[in-house]
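Consider the single chain below, provided in structure tokens and representing the form predicted alone.
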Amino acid sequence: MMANHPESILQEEIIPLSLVETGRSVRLAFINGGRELRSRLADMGLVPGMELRVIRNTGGPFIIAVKNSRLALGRGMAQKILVR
């Protein structure tokens, strides 16, 4: 049984991917969208638990690195991807 002490509980802030600074690596927590969006993102390799790195978060498309690929996302889609 795990101790229930505050110091043993790791609290990580969950934020939209669109707020992550260029160069930061994060882990996908969940997708705040419908089945179609979740399926589309899963087809691109974006599933909960996946680590990704923000390549560009300044004007133009939002670009991330997932495994050995780079993906361009629209800002609206990046807003629905929640990461820690």
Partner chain sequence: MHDSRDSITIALAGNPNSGKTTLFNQMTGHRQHVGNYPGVTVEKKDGFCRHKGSAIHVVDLPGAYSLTARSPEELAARNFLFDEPPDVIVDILDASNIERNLYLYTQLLELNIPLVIALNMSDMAKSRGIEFDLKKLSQLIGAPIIPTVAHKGRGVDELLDAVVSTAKQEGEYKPAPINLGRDIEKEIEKIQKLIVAENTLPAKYNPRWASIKLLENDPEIWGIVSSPDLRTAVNQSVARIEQVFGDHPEIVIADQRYGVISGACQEAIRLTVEARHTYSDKIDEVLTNRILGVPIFLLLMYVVFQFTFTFGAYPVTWLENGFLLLGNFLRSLAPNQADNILFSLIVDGIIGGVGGVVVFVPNIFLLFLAIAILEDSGYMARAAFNMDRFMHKIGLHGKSFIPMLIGFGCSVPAIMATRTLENRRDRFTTMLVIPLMSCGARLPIYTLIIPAFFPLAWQAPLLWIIYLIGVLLAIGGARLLRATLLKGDNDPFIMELPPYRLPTWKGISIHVFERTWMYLKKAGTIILAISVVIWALMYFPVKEEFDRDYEAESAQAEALFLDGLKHIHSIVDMEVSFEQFRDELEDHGGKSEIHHDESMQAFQEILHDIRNARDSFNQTIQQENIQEKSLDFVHMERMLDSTLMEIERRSPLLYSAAIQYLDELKKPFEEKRREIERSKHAEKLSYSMAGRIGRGMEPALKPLGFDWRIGTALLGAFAAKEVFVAQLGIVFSLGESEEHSDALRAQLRREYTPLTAFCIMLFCLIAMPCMATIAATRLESGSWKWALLQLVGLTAFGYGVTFIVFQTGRLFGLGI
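Numbering follows the first chain given and starts at 1. All values derive from a computational prediction rather than experimental measurement.
Separately, the form predicted in complex with the partner chain exists; it is not shown, and the next lines address it.
**Q** Taking the partner chain as it sits in the predicted bound form, is residue 77 in contact with it (heavy atom to heavy atom, 4.5 Å or less)?
**A** Yes, contact at 4.5 Å.
**Q** When the contact criterion is heavy atoms within 4.5 Å, does residue 69 count as touching the partner chain in the predicted bound form?
**A** Yes, contact at 4.5 Å.
**Q** Indicate whether the partner chain has at least one heavy atom within 4.5 Å of a heavy atom of residue 63 in the predicted bound form.
**A** Judged by the heavy-atom cut-off of 4.5 Å, residue 63 is in contact with the partner chain in the predicted bound form.
**Q** Counting only non-hydrogen atoms and a 4.5 angstroms cut-off, does residue 20 reach the partner chain in the predicted bound form?
**A** Because no heavy atom of residue 20 falls inside 4.5 Å of the partner chain in the predicted bound form, the answer is no.
**Q** For the stretch 20 to 44, which residues lie within 4.5 Å of the partner chain in the predicted bound form by non-hydrogen atom distance?
**A** Contacts from 20 to 44: 35, 36, 37, 38, 39, 40, 41, 42, 43, 44.
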